[in-house]
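Heads up, the chain below is alone and in the form predicted alone; it's given as structure tokens.
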Amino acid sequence: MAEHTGRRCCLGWDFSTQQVKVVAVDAELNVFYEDSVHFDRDLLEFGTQGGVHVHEDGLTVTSPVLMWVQALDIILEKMKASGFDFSQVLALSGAGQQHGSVYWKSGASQVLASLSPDLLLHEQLQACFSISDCPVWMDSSTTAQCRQLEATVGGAQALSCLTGSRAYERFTGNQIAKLYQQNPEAYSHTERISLVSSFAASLFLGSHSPIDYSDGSGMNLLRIQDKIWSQACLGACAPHLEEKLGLPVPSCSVVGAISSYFVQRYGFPPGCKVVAFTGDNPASLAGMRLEEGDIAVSLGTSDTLFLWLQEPTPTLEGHIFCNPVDPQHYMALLCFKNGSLMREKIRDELASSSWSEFSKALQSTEMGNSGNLGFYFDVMEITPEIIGRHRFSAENHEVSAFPWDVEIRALIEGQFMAKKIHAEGLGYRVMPKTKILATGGASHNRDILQVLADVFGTPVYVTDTANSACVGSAYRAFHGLAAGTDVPFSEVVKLAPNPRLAAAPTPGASQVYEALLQRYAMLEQRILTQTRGPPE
């Protein structure tokens, strides 16, 4: 118990799909406390699988809002029982799974403002929501609303230029439009619409927290250039929407002091600040301490790229969000479905299910793979929309197979060339100080990281970011305390542990890959044309 006392700290929260997590980070940026509540395991009464309810249509996916509230109660009670010293908490911030939305019923603000410290939150907020099961990021039931929104603003590309993304089913504007069309009564009884992030912040504030710019740019509603709601998009979704959303705020804003409920029940100091909560992906960018020109590559089941951008070029793929730690800049997100599952499949088929055999193939083949290129998409890829395995010789002839070691290199080179090409499509450019931060399962394989360094022509670092959204939230709390935009985020987190260099580009790599990248882009276009027909 003694280790939790007397250490001034910030708390970082993460309301993710499957659990609520918290970390405490001290002034030297050391994590000294962490805990979590797992929905499926610890809150059985809500009957979730993977933290969600998948409805009969297979498209509608929701989570019970009171489950999130109760999870917060449980975790705070656990912290209290462990002797955690809440009086030392200077500020807190948090992250929420992106694209989830919460609908506060008329009168909820009075309940939030007058909570009794004798009761748990979930006991007092039972009647505060006009929708008990909230749509989350896995929902794909709003295709009709997406098409309506795009039509209103002049097409998918016009919407992307305005809001940073074409219309996506999970994005909040389209979810609100569906609610308004299918349940107008619930909509009319809603006083405030929150994202999961601003909903969680509201619990700590005791009042409705504003939506921050970064998470707000995942709604198809925020004009990312001037950071105000788009009147055209609001009007296309539902009436009176601006007053239900409130005005968005910079991500490093202090949105208020903690509610007296937490002061009286848990012993938080009355001066504890609440810094705007944001989405889990922006919070991870903060946790990994990306800087201008950097790129984070998460090599998991699917592969995700986070990019720091100065001048974005919104397209029909990927997403541009406002940057959570620098309001002048942007972050981009690209997702590739065929990530580790594809790597594991090829390993099992060709390398006797052994990563060391897989690595031998990368070591024994040369950079550029003698001009052999491969595309490996066993499930329909997101970026780009291609399925199937396609192999091309150095003369651009399609072939049915490669030798086993050539196949393995073609897979890894192809995966990283696709990432570079599509990142550049969003406006990303490698700068002299650019570094890649790699996380996820495949980041433990040095030979895979070597190919990554060679294809991008920039050094690759690894960092221990198991809780990057949580830790990033605590870092953002410190940033908010330091007066946010006036102090660079990098200055606030300079004491945090540095990432380790894992691979530097091989001399001559950029010359090898320059022509290959052009060929890869041309062949990708050829496959797309064959499967889809010529572009309209």
Ligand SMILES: O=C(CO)[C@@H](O)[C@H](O)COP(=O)(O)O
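Throughout, rigid core stands for the largest set of C-alpha atoms superposing within 1.5 Å between the two forms. It should be emphasised that the depicted structure is a prediction, and the values quoted were computed from it without experimental measurement. Don't overthink the numbering: it's just position in the shown sequence, from 1.
Omitted here: the form predicted in complex with the ligand. The next part is about that form.
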query	finding
Partner-facing stretch of 239 to 247, 148 to 156, 297 to 305, 79 to 87, counted where any non-hydrogen atom is within 4.5 angstroms of the ligand in the model of the complex	297 to 305
4.5 angstroms heavy atom contact with the ligand in the model of the complex for Q175	no
Contact of C335 with the ligand in the model of the complex (heavy atom, 4.5 Å)	yes
Heavy atom of Q98 within 4.5 Å of the ligand in the model of the complex	yes
The ligand contact at R170 in the model of the complex, heavy atom, 4.5 Å	yes
Heavy atom within 4.5 Å of the ligand in the model of the complex - residue from D454, E407, D326, D280	D280
Heavy atom within 4.5 Å of the ligand in the model of the complex - residue from Y213, W137, F416, Y376	W137
A236 C-alpha moves between the shown form and the other one by 2 Å or more, core aligned	no
Large Cα shift (2 Å or above) at T439 between the shown form and the other one, core-fitted	yes
Core-superposed C-alpha of E381 shifting 2 Å or more between the shown form and the other one	yes
